[in-house]
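As a starting point, one isolated chain is supplied in structure tokens, in the form predicted on its own.
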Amino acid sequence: MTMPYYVAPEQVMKDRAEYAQKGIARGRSLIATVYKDGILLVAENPSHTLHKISEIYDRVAFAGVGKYNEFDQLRVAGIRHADTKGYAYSREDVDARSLANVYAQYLGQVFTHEMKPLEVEILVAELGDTKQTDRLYHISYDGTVIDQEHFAVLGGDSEAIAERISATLSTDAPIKQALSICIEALQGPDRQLNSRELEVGALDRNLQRRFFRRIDESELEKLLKSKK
């Protein structure tokens, strides 16, 4: 009788982590940062129809990097979860922390028990009544949740981008300045990103009830020109 091939559990976990990390690293990066009037989300994304940044609920936004079909399924599941909870209880009961925990449990379950982990990193952002109550939850492919303070960077060359943005970040910056800081951190010293290569959204405290807004290409071009 042939003995089954044995692989140590530690090696299995290591291989799965490396597989997911390689898939995520091939994707383009994304930054979320707190600014004067809310939370700004900026992603390198040349597609005008396949969005990496979306609204989940009144004050909650979602962003993902990695395999589009995988994080988009998570986005849809998050919307359904939020809508069901808001209908069954109240709209105030829908928050980013509980949603991040649901995502973390699912991603951790897949990473531990399935052959192939999800090649995604996701972010759940919640706009508070004040800047101090804004929340950024970064959830990794293995279900790890990180409560980020002031900014979060997902995908691609995240360490280098995080270093660049931390050197210039100002949480009191208006949206024009915050956008400029994010773009400069994404593109680095060796290239230039234009409005067609960017996807931008914001949770804006100046809006009413539904606080998420998508900044389209024409508005983005005006913001980019006005900062020069």
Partner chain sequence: MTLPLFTPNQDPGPDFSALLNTLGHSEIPSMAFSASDYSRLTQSPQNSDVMQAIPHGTTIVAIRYNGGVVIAGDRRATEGVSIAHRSIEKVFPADRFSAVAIAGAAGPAIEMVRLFQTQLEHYEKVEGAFLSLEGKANQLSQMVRSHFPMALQGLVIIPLFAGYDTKRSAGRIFSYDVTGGRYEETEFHTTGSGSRSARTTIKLGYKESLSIEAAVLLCIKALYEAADDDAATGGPDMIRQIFPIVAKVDQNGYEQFPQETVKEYFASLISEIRTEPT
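These numbers were taken from a predicted model, which means no experiment stands behind them. Residue numbers count along the first chain shown, from 1.
In what follows, reference is made to the form predicted together with the partner chain, a form of this protein that is not presented.
Student: Quick one: of V200, I56, I175, I183, which gets a non-hydrogen atom within 4.5 angstroms of the partner chain in the predicted bound form?
Tutor: Looking at V200, I56, I175, I183 one by one, just I56 meets the 4.5 Å heavy-atom criterion.
Student: Pick from D157, D83, D147, D95: which has a non-hydrogen atom within 4.5 Å of the partner chain in the predicted bound form?
Tutor: After the contact test, the surviving option is D83.
Student: Give a yes/no on whether Y103 approaches the partner chain to within 4.5 Å in the predicted bound form, heavy atoms considered.
Tutor: Within the cut-off, so yes.
Student: Is the gap between K22 and the partner chain in the predicted bound form 4.5 Å or less for some heavy atom pair?
Tutor: Heavy-atom contact with the partner chain at 4.5 Å: absent for K22.
Student: Please determine whether R209 contacts the partner chain in the predicted bound form, using a 4.5 Å cut-off between heavy atoms.
Tutor: Flag for R209 set to yes.
Student: Quick one: is R91 in contact with the partner chain in the predicted bound form, heavy atoms, 4.5 Å cut-off?
Tutor: Answer yes; at least one heavy atom of R91 falls within 4.5 Å of the partner chain in the predicted bound form.
Student: Looking at 167-175, 66-74, 183-191, 24-32, which stretch has residues with any non-hydrogen atom within 4.5 Å of the partner chain in the predicted bound form?
Tutor: In short, 66-74.
Student: Taking heavy atoms and a 4.5 Å limit, what residues of 129-148 are near the partner chain in the predicted bound form?
Tutor: Residues within 4.5 Å: none in this stretch.
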